[in-house]
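Single chain ahead, by itself, as structure tokens, in the form predicted on its own.
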Amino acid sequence: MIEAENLWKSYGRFQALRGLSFSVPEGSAFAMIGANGAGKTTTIKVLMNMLEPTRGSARLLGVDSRRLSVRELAQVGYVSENQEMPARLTVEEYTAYLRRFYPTWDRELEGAIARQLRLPLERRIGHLSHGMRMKLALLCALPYRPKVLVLDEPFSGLDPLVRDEFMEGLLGQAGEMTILISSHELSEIDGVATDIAFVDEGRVLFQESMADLAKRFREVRVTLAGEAARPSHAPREWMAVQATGNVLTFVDTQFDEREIGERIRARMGDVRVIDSQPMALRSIFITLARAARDGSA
């Protein structure tokens, strides 16, 4: 449904994208995560043909992004934190204006979403709060039942209640859509995303399913008989290695419950206790971001 292959985007000497590649499986909720400035929004703008890549290619619904026609765009929903909408129109006037562009627009669905999101139909867009404008953008993207929904930092600046209402509105209508979402608000996509790509400085460091990611990352705590010391030749897959007293902690990025005990004892000798815990997406992201910053990822 969505593909990026060796994308580069230059602004003078600055490389916003540097050989970025990923593929979004059909029917997935695919999250691009990364710090602000990592290249997520630039990638989305290339996919939507708002920007032309310097090199490489992107495909949306099987079509080169530089050749998207009205036919393809009518099957794509788009929500962005910086989306511009006519301030002088009311919510009801704006949705009425959009209906004529989409033959598949479902008025009944529009009404159901507006009620679920508690949108004031009579209020002018210029008088809406940021959270209400984001909910309006979602309302405008769903009634024509797009095959692909693109969400660019949709949670930025939203209070927790509005975020919950936004997600409820989205998940309630997701159906068979393929969703691409960029975000650094990791707690909001944890439990929603089925697949993930970690973007750093214009590159994708890895892409995999959330199930596989959660399975292979573990926080490991090792209690030793004597003073703990950082192993001089720790495996590359061990990150954030720290020694305090008789306890050694690290993040194992290739966790295997059948082998972890043997691997630790081979390097540390007299081990008393080995404890491993699953990691939240936010903790995984912070570990990888620090490793990328330090050049160890």
Partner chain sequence: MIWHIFKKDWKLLWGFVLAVAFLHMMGALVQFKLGLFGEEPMLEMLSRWVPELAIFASAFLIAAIVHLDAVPGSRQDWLTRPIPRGGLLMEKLLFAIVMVEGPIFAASLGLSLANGFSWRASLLSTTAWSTFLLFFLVAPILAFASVTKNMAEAFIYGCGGAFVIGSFLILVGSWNALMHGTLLGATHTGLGWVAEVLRLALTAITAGIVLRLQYLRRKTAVARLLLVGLGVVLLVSALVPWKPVFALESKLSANAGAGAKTRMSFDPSEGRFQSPSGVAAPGESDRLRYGRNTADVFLPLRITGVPNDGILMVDQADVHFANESGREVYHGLGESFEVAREGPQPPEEPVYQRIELPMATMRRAQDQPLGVRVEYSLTQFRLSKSYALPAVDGEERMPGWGWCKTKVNDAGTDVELRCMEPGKGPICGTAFLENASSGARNPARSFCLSEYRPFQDHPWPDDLTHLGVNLPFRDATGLAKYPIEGAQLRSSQVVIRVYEPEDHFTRTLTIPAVRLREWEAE
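Residue numbers count along the first chain shown, from 1. Values in this document were obtained by computation on a predicted structure and should not be read as measured data.
Keep in mind that the form predicted in complex with its partner chain is not shown, yet the notes after this line are about it.
For the three residues Leu98, Tyr102 and Cys140, a heavy atom within 4.5 Å of its partner chain turns up in the predicted complex in every case.
Residue in contact with its partner chain in the predicted complex (any heavy atom within 4.5 Å), chosen from Leu205, Leu89, Val192, Ala225: Leu89. Contact with its partner chain in the predicted complex, defined as a heavy atom within 4.5 Å, holds for exactly one of Leu171, Leu109, Leu121, Ala74, namely Ala74.
The closest non-hydrogen atom of Lys45 lies within 4.5 Å of its partner chain in the predicted complex. In the predicted complex, Tyr144 approaches its partner chain with a heavy atom inside 4.5 Å.
Its partner chain in the predicted complex comes within 4.5 Å of a heavy atom belonging to Asn49. In the predicted complex, its partner chain lies farther than 4.5 Å from every heavy atom of Ala266. Just one listed stretch, out of 183-191, 158-166, 76-84, 112-120, contacts its partner chain in the predicted complex at the 4.5 Å heavy atom level, and that stretch is 76-84.
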